[in-house]
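Encoded as structure tokens, the following chain is the form predicted on its own, with no partner shown.
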Amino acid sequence: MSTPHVLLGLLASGTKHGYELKRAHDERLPQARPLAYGQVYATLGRLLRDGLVTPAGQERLAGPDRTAYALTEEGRTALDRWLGTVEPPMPHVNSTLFAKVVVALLAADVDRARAYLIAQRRAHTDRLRELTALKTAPSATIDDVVAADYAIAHLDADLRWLHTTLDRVADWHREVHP
């Protein structure tokens, strides 16, 4: 995820201070890792340095001064350029799940590799149920539904791969340990 571009996108609707940006990020991207306040302010500092945002005033509520930020024209251009760039499919498989399955197949016996795959499949199935419940809850927002749909599609692909790999464990083990 490109945190700078996400923050620019959140500023596209109007000025916000760091606390509002963090809250908006966590609400609008409910299945993403929450941003730390330090990450928000460090990123805002870089965006300010690069001329993509500008201070738009300060307010003081019940704490320290809060600087509000606004997009500059350069920031809007950078955001539009990022939004107009198609993300290429990942050229390499870079997943802890994939690496762990391969290592389990290389280092463990057939039964242990199968046990790992079955346990992982169970964890994925449990998460699918959680996400389905989340997106069908009466309180679900469109943000929740879109994020859940994205996660469900990826989990479903992982589950299909886990199932196929489980079917191939014995063959793979024979190939690796002739």
Partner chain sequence: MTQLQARGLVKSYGPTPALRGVTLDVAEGEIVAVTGPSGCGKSTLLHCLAGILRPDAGEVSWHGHRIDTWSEAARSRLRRTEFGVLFQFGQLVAELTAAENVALPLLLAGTGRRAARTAALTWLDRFGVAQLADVRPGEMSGGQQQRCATARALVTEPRVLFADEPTGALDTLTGEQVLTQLVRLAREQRTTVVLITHEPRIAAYADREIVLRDGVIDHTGLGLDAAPLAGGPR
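Model, not experiment: these values are computed from the prediction. Numbering follows the first chain given and starts at 1.
If you look for the form predicted in complex with its partner chain, you will not find it shown, but the lines that follow are about it.
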item: Touches its partner chain in the predicted complex: L48 (any heavy atom, 4.5 Å); value: no
item: Partner proximity in the predicted complex: T125 to its partner chain, non-hydrogen atom cutoff 4.5 Å; value: yes
item: Exercise: R33 in contact with its partner chain in the predicted complex, heavy atom 4.5 Å; value: no
item: Contact label in the predicted complex: A170 to its partner chain, heavy atom within 4.5 Å; value: yes
item: Proximity to its partner chain in the predicted complex (heavy atom, within 4.5 Å), stretch among 39-47, 66-74, 147-155, 25-33; value: 147-155
item: Candidate site R81, P88 and A99: all three near its partner chain in the predicted complex by heavy atom within 4.5 Å; value: no
